[in-house]
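The chain that follows stands alone, in the form predicted alone, written as structure tokens.
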């Protein structure tokens, strides 16, 4: 069922069993998981079904620290959320990502990879992926010619990626949500406040507004915030009339540990003989899985480095591309999307596709995607400026450290040694990595629009905002989900894990609800 909140009477009261705030990948996935249950699910989306400039402007904010993309345009504010410009890269987090690593401060999730495996498997179909198989040997049996580089597998391994079409949730699942009898989707319902009971141990309602000037009250037994990392933190911090520091922020943890995947060109691989590197290349026609090089957990521990992966692009083509951080600098995400994806959206002839399949090269540009170390100073706070609905705007301070740069350098030193030992060629570091004492970052340093942290998961409320079940510490019926709950970032793109983590929370809530509904 769909209701346009702009058409509701002012001060309307909406009641349900569960209220999900945000209709992106996380919110829609959770809502679909409750279809056919005896519960009334309220799904609130701040925008409509299409881009609306007045709604998108609510995401505008200020930046400091490391250069970043405009906050207004790095997330999409309508039904389907940022899956509207998602590229579709999927791979699960590694076991080491969940572990407490003594060389990575603030690391260690209160859950393990095995706790997410059943939900990763369930997520595969939602994202229109293949089987829950990320082992190279499996995919070698499905496709010919996927030969790995002859590196020592005890040091470097081949981490597999699958590719969603990509699934545009706003298109793919619109009818499913709208036609579901127990899912009540309200568009143009922006949550601007959270209301708790007297001792702030549970939430009684949330307040929503839109640009018509109308205001609504939504009551439920459980509230799930499935917004992006910046918005989840922003709404908790802004809900400060009953808790002066913001809800869930007794220990000043909300908004801290903002993480991005550092995405940056780093080196070149010059081979002794030309090779298509089919295992590592993008197949434009079948979008078959491909591998990226990754460092084994024991080697990460030996050299005290972060987790990252390396992908390949033919050098001649890669040199013609502008850095993404330069391309994506407009406040209009549509303009940025056109600039970024125009090459990927090119319509190739059958002859061109066949030629690309056979293409070989001796030189490849190496691209790094690496986790950002959890850093309490990398954070989201509130500005004094307010948006058109009266909400304080967000301020993002993105702060990197020498740890990330040292880790990137070591990864390529290891790859260079492997290439030399195997006799296949040489690795050439980019200039910014040459000097071990240089801790600065080049102008082309970018991120993947992968917002994580800000309401991180931890058993100790002094170290995080939510517990192992994504429930805000001290508030029994308030839950966060999505990238904001990540304790560490890992190397893979986060969408697969975002949905898996959400389905795990959904499973937990079903057990908590115990089969009772308000009717």
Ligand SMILES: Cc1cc2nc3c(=O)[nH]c(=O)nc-3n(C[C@H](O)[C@H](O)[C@H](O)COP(=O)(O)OP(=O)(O)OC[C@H]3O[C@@H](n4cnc5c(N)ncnc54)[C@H](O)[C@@H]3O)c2cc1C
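Computed from a predicted model, the values in this text were never measured in an experiment. Positions refer to the first chain, counted from 1.
The following text describes the form predicted together with the named molecule, which does not appear among the structures shown.
S.K.: Report the stretch among 134 to 142, 184 to 192, 417 to 425, 302 to 310 that approaches the named molecule in the predicted bound form to within 4.5 Å, counting heavy atoms only.
M.R.: After filtering at 4.5 Å, what remains is 184 to 192.
S.K.: Contact with the named molecule in the predicted bound form for residue 46, defined as at least one heavy atom pair within 4.5 Å: yes or no?
M.R.: Result yes; residue 46 sits at the interface with the named molecule in the predicted bound form.
S.K.: Can you check whether residue 22 is within 4.5 Å of the named molecule in the predicted bound form, heavy atom basis?
M.R.: Yes, residue 22 lies within 4.5 Å of the named molecule in the predicted bound form.
S.K.: Tell me, yes or no, whether residue 26 is in contact with the named molecule in the predicted bound form, where a contact means a heavy atom of each within 4.5 Å.
M.R.: Yes - in the predicted bound form, heavy atoms of residue 26 and the named molecule come within 4.5 Å of each other.
S.K.: Examine residue 236 and determine whether its closest non-hydrogen atom to the named molecule in the predicted bound form is within 4.5 angstroms.
M.R.: Close contact is absent here: in the predicted bound form, residue 236 is far from the named molecule, nothing within 4.5 Å, heavy atoms only.
S.K.: Quick check on this chain: which one of 328, 216, 120, 398 has a heavy atom within 4.5 Å of the named molecule in the predicted bound form?
M.R.: It is 328 that has a heavy atom within 4.5 Å of the partner.
S.K.: Find the only residue in 86, 364, 280, 412 having a heavy atom within 4.5 Å of the named molecule in the predicted bound form.
M.R.: Only one listed residue qualifies here, and that residue is 86.
S.K.: Just to make sure I understand: among 437 to 452, which residues lie within 4.5 Å of the named molecule in the predicted bound form, judging by heavy atoms?
M.R.: The stretch 437 to 452, when checked against the named molecule in the predicted bound form, contributes 448, 449, 450 at the 4.5 Å heavy-atom cut-off.
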